[in-house]
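Taking the form predicted on its own, here's one chain by itself in structure tokens.
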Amino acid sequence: MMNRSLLLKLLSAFIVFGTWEIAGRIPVSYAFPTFIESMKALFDMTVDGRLFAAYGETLKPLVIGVIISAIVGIAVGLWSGLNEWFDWLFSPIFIVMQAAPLAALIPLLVMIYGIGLTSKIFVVCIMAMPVIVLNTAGAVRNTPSSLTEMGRSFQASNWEVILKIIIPAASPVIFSGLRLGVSAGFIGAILSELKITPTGVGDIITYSRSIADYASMYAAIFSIIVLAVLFLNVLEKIERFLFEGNNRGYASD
């Protein structure tokens, strides 16, 4: 018998793609292709290699930026959650980064770092890191004091309390922050390609729009969404592997 979660996923996809197909056939706009037309364009771009070449460019700043954001973000978040003075000093910076309009900062980054890879990595980090830092800090700060006190009563060192009690207890919110950070990183990577230099998937979107090839434009956008979902599922698997006892279930289950 088909798994219930798989059945719900298929039903959800059928509703979304069916609505997309109907909206394209009405049509709601001359610039809105049907789902079938978009998937045909996606297939054509995959077969001729354009999509793989585009992602070869897009994934460079995305992967580097997400890795930097995850490592630095979790480290700063842990420190902020454990040290009140450090939290007062650095949390406002990341709150401002999260609230600041990124499009207004991109010209400044281009002036400082040029139009190359460095600027795009900074855009990804500015998008991804604040949410990782703030979620991690909040998770650590709200770890039940009874757990840490129990650890210290059993003569656990500070590092043992952090590694064996605080991080596992905070892992659900930390990984929620990572998933949000990865999603924001995808947005940052595509935005950098649209606003700095038209390369990778951003170039496909820009070029397809300029020649009114809307099926290819929507196909490129659809491929980004699919890749982002795959990244998020990988993060869920990693969390389950690292913190097996904290398996709480997911909406995607």
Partner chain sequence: DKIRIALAETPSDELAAFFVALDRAKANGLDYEWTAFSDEELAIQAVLSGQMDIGFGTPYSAMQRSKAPLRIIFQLSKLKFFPVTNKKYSKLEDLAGEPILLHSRGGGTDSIANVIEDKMGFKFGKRSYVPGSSNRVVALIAGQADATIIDLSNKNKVVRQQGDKFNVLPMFDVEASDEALFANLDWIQSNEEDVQIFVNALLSTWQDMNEDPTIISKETNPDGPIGQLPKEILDELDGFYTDAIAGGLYDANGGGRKGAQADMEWYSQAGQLEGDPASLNVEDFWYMAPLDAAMAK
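What you are looking at is a predicted structure, and each value in this text was computed from that prediction instead of being measured. Residue numbers count along the first chain shown, from 1.
The same protein also exists as the form predicted in complex with the partner chain; that form is not shown, yet it is the one meant from here on.
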{"query": "Contact residue in the predicted complex, from Ala53, Ile26, Ile211, Ile36 (heavy atom within 4.5 Å of the partner chain)", "finding": "Ile211"}
{"query": "Proximity of Ala31 to the partner chain in the predicted complex, heavy atoms at 4.5 Å", "finding": "yes"}
{"query": "Exercise: Phe43 in contact with the partner chain in the predicted complex, heavy atom 4.5 Å", "finding": "no"}
{"query": "Ile115, heavy atom within 4.5 angstroms of the partner chain in the predicted complex", "finding": "yes"}
{"query": "The partner chain contact at Gly49 in the predicted complex, heavy atom, 4.5 Å", "finding": "no"}
{"query": "Sequence-ordered residues of 172 to 201 touching the partner chain in the predicted complex, heavy atom within 4.5 Å", "finding": "Lys195, Ile196, Thr197, Pro198"}
